[in-house]
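Just the one chain here, the form predicted alone, laid out as structure tokens.
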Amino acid sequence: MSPTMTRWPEAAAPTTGPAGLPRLLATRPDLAGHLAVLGPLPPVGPEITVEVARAGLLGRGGAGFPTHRKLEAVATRRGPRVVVANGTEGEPLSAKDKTLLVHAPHLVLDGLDAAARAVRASQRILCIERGDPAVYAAVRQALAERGDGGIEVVLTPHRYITGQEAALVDFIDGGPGRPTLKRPFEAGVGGRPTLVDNVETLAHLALIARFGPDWYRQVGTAEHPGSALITVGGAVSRPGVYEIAHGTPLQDVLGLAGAARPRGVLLGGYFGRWLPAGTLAGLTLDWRALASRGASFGCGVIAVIDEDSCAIAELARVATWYARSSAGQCGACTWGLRDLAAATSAIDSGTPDRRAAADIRRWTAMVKGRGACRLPDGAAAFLESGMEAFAEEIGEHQAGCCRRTDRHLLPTPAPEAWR
């Protein structure tokens, strides 16, 4: 196994050495084991923001926003402040946050504490998706071991957009969990300045607080330092959650995961983009390299379509899932995603009407940047890049001669009903 990649739970003995991985999953789920491996969290104050800036930590929820800027935005606001650890993980292809919460809950809670001290927050909240007993049990056990009754655990609905930070604040405040136009760092939970950070981001923060920015930068690239948890799935023989150093070649990850004949790869999850196999050579997993191919690291998802799998069936099913995930409050989302799903399903069913493909290209351009959240943008990127990556197969479907198998590689869980 490569020294820059480890797969959970098959990782070797934990290490926090300079170039060693795993880092995030080096610890143990019980408090005694966690402290034996990493030691106690040192005293943390507002100065940690400078250390986070030096480390170059980027958010792991999908957008890759600099973490120190979020800390600064909340810390400079007046009045009581709130920190929210976002462990909802509504992305169907991702399992990294759930893995982290089950196997390293104390590292996440350390990060939540460190962030709260950095911005001088008076309230700490951990959000996890309801209906996942393993995560809930791990979190409750960790809190009991710490004797910390000051962290509020909020169980969120099973919906993709609940993890969007404004929607999450809306749910915490007693709303249905729909996206709003409010900016949480200005007016979040209870109208107070609120820091919303992904649980993996907070786990990295806890490691930086212990070992410093120079240690953090000893893996990764100069522009995208550190390590990351990624979820690899689809047409691979060894799916799972891996910890990699940023800058790891994509081909190394695909080889380790057992992707025998990739025809296309989805990078970044359902908010990401498809890349055809011919564009993957030499590609490394860091923001700059991915941006050069029109892709992004996103929430750390890699999904593979192989030569034998029907990609159009997968596109159609995810397009329908997108339409069902809408909060129903913006026209571009409510009607635009419905029409995109219908057109993609028409191609999958073998309609000879070539207007369906043209309609998808036209409608994806129309829904971008519309609405209270970016759900339509995600659908547009997913479908646009899929139409390009699998253009030959679209022609086969329109001619009624696709012989590939619909293997249901991409999960499309039913979203919880709105109340």
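Every value quoted in this text rests on a predicted model; they were computed, and no experiment measured them. From 1 onward, residues are counted along the sequence shown.
One more form of this protein should be noted, the form predicted in complex with a small molecule, which is absent from this view; the next part is about it.
Only one of 247-255, 304-312, 224-232, 158-166 lies within 4.5 Å of the small molecule in the model of the complex by heavy atoms, and it is 158-166. Only one of A115, V265, V196, A104 lies close to the small molecule in the model of the complex, with a heavy atom inside 4.5 Å, and it is V196. Proximity of R28 to the small molecule in the model of the complex: non-hydrogen atoms within 4.5 Å are absent; the residue sits far from the partner. The closest heavy atom approach of F271 to the small molecule in the model of the complex falls within 4.5 Å. Contact annotation for V52: none of its heavy atoms lies within 4.5 Å of the small molecule in the model of the complex.
None of the heavy atoms of K368 is located within 4.5 Å of the small molecule in the model of the complex. Although the partner is absent from the chain shown here, none of H34, A206 and E243 has a heavy atom within 4.5 Å of the small molecule in the model of the complex.
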